[in-house]
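A single chain comes next, written as structure tokens; it is the form predicted alone.
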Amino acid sequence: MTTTTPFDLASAPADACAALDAYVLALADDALLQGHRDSEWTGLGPILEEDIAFSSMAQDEIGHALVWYTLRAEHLGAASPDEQAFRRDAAGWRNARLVELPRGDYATSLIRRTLFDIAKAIQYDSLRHSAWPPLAVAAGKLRQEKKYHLLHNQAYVRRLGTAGADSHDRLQSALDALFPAALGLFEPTAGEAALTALGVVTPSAALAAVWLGAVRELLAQSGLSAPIASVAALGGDGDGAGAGAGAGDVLRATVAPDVGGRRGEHTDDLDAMLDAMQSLYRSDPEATW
């Protein structure tokens, strides 16, 4: 993404403002639900180090959600962050389906966390160059915390992927199950093309291509594999390198993404998750803490 003219919200057309609101909402919803799923490991981790790590990442992610919800409230006319988080039914959420799926076992949570963090690091890197300054500033701050998430999660994937047959097979099974939903992280939000034309965001398809390369590299180091191939290997117009070649590959996923979340189409798992997450707030929305 190349920033040209700064995006002025006050003079922007209504459809661009609506598109920006949808984009920021998706950022917030992804972060909050991922954080909530991580928090379900508090007190249950396989070892104390992982109990603490997932609890810490949960706090970080919920904090990221608060940043995005606050951005909507302060600039885009949305309700308070608490209202956004705790008073919306499932149809109003714009998260990718990946983050609403049940916690699962440790392998499932580790793989989901890793695929999510790589995607968000790439997205935040891009948003640091956004033509809308509030978005660029927020992304730059949150990107710093992703560094530590990535170091932790990728180290564990490499270690467990090559430790033995049992841990390898558990990770591979989790990866096979989650990969289509992880591709759904790159489902465009409504009006994304207009934001791209204004230099506010990078096209989701371009981010997905970078993500595929980063994921494939990590998996190769970990003895794992995902349905990713180069365009050349698929018979397309790539640079002629086969799958597994170095930089310059044009990569594509060879399975269909699990999408719909950005349109408010969710699994039943989200209803159950929201029932648990919102129950206290909804029991007395006017309470002062």
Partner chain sequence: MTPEAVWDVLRTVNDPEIPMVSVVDLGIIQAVVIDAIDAVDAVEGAAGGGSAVRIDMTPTFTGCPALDMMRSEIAAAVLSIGAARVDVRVVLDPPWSSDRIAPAAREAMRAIGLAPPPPATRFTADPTLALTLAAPDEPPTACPFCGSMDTVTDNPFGSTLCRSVHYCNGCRQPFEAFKAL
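Remember, it's a predicted structure, so these values are computed and weren't measured experimentally. Numbering follows the first chain given and starts at 1.
Quick note: we don't show the form predicted in complex with its partner chain, though the next part is all about it.
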190-198, 132-140, 168-176, 76-84: which one contacts its partner chain in the model of the complex at 4.5 Å, heavy atom to heavy atom? 132-140
Heavy atom within 4.5 Å of its partner chain in the model of the complex - residue from 152, 88, 72, 103: 152
Name the residue from 208, 121, 160, 181 that puts a heavy atom within 4.5 Å of its partner chain in the model of the complex. 121
Using heavy atoms and a 4.5 Å limit, would one call residue 40 a contact residue for its partner chain in the model of the complex? no
4.5 angstroms heavy atom contact with its partner chain in the model of the complex for residue 26: no
Is residue 56 close enough to touch its partner chain in the model of the complex, meaning at least one heavy atom pair within 4.5 Å? yes
May I ask you to state whether residue 227 is within 4.5 Å of its partner chain in the model of the complex, using heavy atom distances? no
Contact check for 21, 260 and 265 against its partner chain in the model of the complex, heavy atom at 4.5 Å: no
Contacts with its partner chain in the model of the complex, stretch 57-76 (heavy atom within 4.5 Å): 57, 59, 60, 63, 64, 67
